[in-house]
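One chain follows as structure tokens, the form predicted alone.
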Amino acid sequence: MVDQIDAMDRKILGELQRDASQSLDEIARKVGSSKTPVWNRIRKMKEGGVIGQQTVILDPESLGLEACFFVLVRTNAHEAGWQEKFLKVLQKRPEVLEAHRLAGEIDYILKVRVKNARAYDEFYQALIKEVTIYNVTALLSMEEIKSTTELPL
């Protein structure tokens, strides 16, 4: 599908990334097209998997989730069974916003959003009860400098 995305598709995607609640008329006007071709392009990109789930972005602090921790996880268990269990545990935890498997000395990094340090400790205690972890380092974000869901087009 990547080969088939042209400049007009990229303009449409840019508009959708900025504000997916815009009407088709608004998007068409901004990209210099008409409504039907824009709708057809959006439909094709959805069918092709370029456009996934549409959602809204909530303000975590407004919801009382003021603490963001980046959690570095090292394991000495690299067998498939451990990894499968670890991934299932992460999937069940709503506090885990992102989880990445890394190359290098750290095996995983998690982005965890909670109310405060006490809530993080509760998350941590629950995590280590469910799965054996060699080492965990939690880093508290003091300030979010940049956060975006917009991909470079």
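Position 1 is the first residue in the sequence shown; the rest follow in order. Fair warning: this is a prediction, and the values are worked out from it, not measured in the lab.
Quick note: we don't show the form predicted in complex with another copy of the chain, though the next part is all about it.
Engineer: So in the predicted complex, does any heavy atom of residue 113 sit within 4.5 Å of another copy of the chain?
Structural biologist: Yes.
Engineer: So in the predicted complex, is another copy of the chain close enough to residue 141 to count as touching (4.5 Å, heavy atoms)?
Structural biologist: Close contact exists here: in the predicted complex, residue 141 approaches another copy of the chain to within 4.5 Å, heavy atoms only.
Engineer: Hey, in the predicted complex, does residue 124 get a heavy atom within 4.5 angstroms of another copy of the chain?
Structural biologist: No, no contact at 4.5 Å.
Engineer: Is the gap between residue 153 and another copy of the chain in the predicted complex 4.5 Å or less for some heavy atom pair?
Structural biologist: Flag for residue 153 set to yes.
Engineer: With another copy of the chain taken in the predicted complex, which residues across 95 to 114 come within 4.5 angstroms through any non-hydrogen atom?
Structural biologist: Contacting residues: 95, 96, 97, 98, 99, 100, 101, 102, 103, 106, 108, 109, 111, 113.
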